[in-house]
Every structure is written in structure tokens, then in C-alpha cells.
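First, one chain by itself in C-alpha cells, the form predicted on its own.
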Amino acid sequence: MVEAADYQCDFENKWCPGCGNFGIVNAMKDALAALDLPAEKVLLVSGIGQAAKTPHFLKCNFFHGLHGRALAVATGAKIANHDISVLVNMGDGDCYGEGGNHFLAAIRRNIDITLLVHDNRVYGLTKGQASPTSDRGFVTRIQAEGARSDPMNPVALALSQGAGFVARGYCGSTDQLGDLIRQGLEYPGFSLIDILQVCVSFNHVNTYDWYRERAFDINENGHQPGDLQAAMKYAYPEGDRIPTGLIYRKETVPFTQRIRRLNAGPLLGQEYDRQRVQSLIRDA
């Protein structure tokens, strides 16, 4: 039986004391243990940023890639071996900024991976610039007069593009977040979990107290995740309340099931005609 402690890693952690990423890592361990997933059956993929350091602190397979490119790597890995569970960790800037086009492509393909976006509304690794999800007027060292762009709405974007599993978690509610990650890993298709993550060093607006006053669990209020219209209302909430939980879920056909060749099993285990491949390359 797999336990959360099985994923414990001995690498020294350099996150700031109180960083919301600690809660996310603990929730990930709980989810993997709840699914009884052994480490060799799990792949963590990340890009660049504080969120992207997450795979360093879990004992399992991982690939640390380039800024904004984690979803491209995860897509290739899942197609090569669709028998493994793929978890992607990205920050809001990493995913919604540099990786925005890959985010849209992953939704369209419905690649069977679970994307965890550590959404702290700031670029934490590069010392505090406004990110795509920063509120207009958010003051930073670079945006001394406040950010002039309106914030991106990742939940609304994912819903509008047909994503089959859309959720929002909070780093301070690890039980709820761990259950959302478990559900995302079980879902046969692309799953987005946008996580409200506190940055104690560079975002002194969206703090633990700020979220505690505003975040609430919609699933405790009887929300039906299969209702797209209701999900869209939660994507555009009234007032300053922030809905968390499973916002939307529908049945879909994952990308790997759309590729006939993969019916025979994972691509990495299939034999291929080396001479034919060389011939095609030579004649191209």
C-alpha cells in the first residue's frame, strides 16, 4: 500500500517559510497515496519558476523543462507511455503567460494529464512582477503605478474552450485540494486545477487571511459539476467571493484513445521497422 511518506524527498527545500507551495506538495502526496500509485508509475513535469521546483521535492520520475513548455513535454510523454499518470506543475506566469498557446492546445487535444497551476498572481522567481492573473492596479517593484492590464480568467477560458475537468483549489485547504488532485488524476482527459497559492514574499495583497475571508467550497453548497451554465456563473462570481472545488466535469474521449496505433499498448513498448523509418527519412 502506497503512503504519502513514500514520496518524501530528502532534497533541501529553498521556498520561503510560509509559501503556499508547501500545502500544494502535501496535497499532491495525499492524492497519490489515496490512489495507491507507486512512484514508478508517476511522472511530474514542470517548466520554470518557484512552482516548477515542485518535482524536486517528491520522490518519483520528473522532467524539469523550459519556461512555458511543460505541457508540450507532458503531451509527448503521455503519448509515448499512456500507462503512466502525468502531473504538470506550472506557475500562473509559466502557464498562462509564456505557455498560453500550449495551454490551449492541451485543452483541444484533451491529453490525459492533470495540470496544477500554482496561481499566486505574481512572478515569484523573478522577484515580483505582475503576472497574467494579477489584478489591474496591483503594485509591484516594476509596476510602481500598478498593473495596467486586466487579469486573465483561466477558469472561464478553460470552460469556453471545452475543457472537460475544471477545478479551483486553495493551498490553505489541503484536504479539499488533495481530493481535487485525486479526481483530476482519475479523470480520463485533460484536467485543470487552478490553485489559489499564497506568495508571502512578493504578494502582500492576496494573503492567507485575504483568501480565508473570500474562498468557499461550491461542492458543499450543492453545485452540480455537470451544469455548464452554473459553472460559467462560478467562473464570473459576483462580489469578492471566490468559488473553489470541482467547477465542471463532463465525459470526454482522451487524446491517446483517438490514436488507433495506441490501442496495441504504449508506444514505447511497440516494435517498429527501423529500415522503413530510415527509408522514409532518406527519401523525404
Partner chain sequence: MGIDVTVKIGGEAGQGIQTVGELLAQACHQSGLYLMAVNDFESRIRGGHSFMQLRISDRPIRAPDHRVHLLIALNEWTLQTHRSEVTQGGRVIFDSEAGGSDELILPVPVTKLARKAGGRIMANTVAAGACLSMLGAPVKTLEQVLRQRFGDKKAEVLENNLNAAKSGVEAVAGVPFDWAFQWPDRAPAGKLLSGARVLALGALAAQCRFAAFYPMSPATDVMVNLSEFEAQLPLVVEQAEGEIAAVNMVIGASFAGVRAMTATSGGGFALMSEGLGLAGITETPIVLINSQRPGPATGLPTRTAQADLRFMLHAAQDDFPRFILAPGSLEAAFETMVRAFELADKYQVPVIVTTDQYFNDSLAIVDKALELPEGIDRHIVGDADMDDPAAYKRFAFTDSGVSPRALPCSGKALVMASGNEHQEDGHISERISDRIGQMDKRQCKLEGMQKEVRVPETVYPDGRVLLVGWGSTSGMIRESVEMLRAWGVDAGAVCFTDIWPFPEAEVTEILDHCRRFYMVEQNATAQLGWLIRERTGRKFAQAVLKYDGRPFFPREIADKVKAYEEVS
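Positions refer to the first chain, counted from 1. For clarity, a rigid core is taken as the largest C-alpha set superposing within 1.5 Å between two forms. Just so we're clear, the structure is a prediction, and the values are computed from it rather than from any experiment.
The following text describes the form predicted in complex with the partner chain, which does not appear among the structures shown.
Of the candidate stretches 25-33, 60-68, 212-220, 238-246, only 60-68 has residues whose heavy atoms lie within 4.5 Å of the partner chain in the predicted bound form. The partner chain is not shown here, but in the predicted bound form it comes within 4.5 Å of a heavy atom of A105. By the criterion of a heavy atom within 4.5 Å, Y123 is counted among the residues contacting the partner chain in the predicted bound form. In the predicted bound form, the partner chain stays beyond 4.5 Å of every heavy atom belonging to Y234. Contact between I259 and the partner chain in the predicted bound form is found at the 4.5 Å heavy atom cutoff.
The partner is not shown here, but in the predicted bound form the stretch 1-36 reaches within 4.5 angstroms of the partner chain through a heavy atom at C9, F11, E12, N13, K14, C16, P17. D273 is among the residues whose C-alpha shifts by 2 Å or more between this form and the one not shown once the rigid core is aligned.
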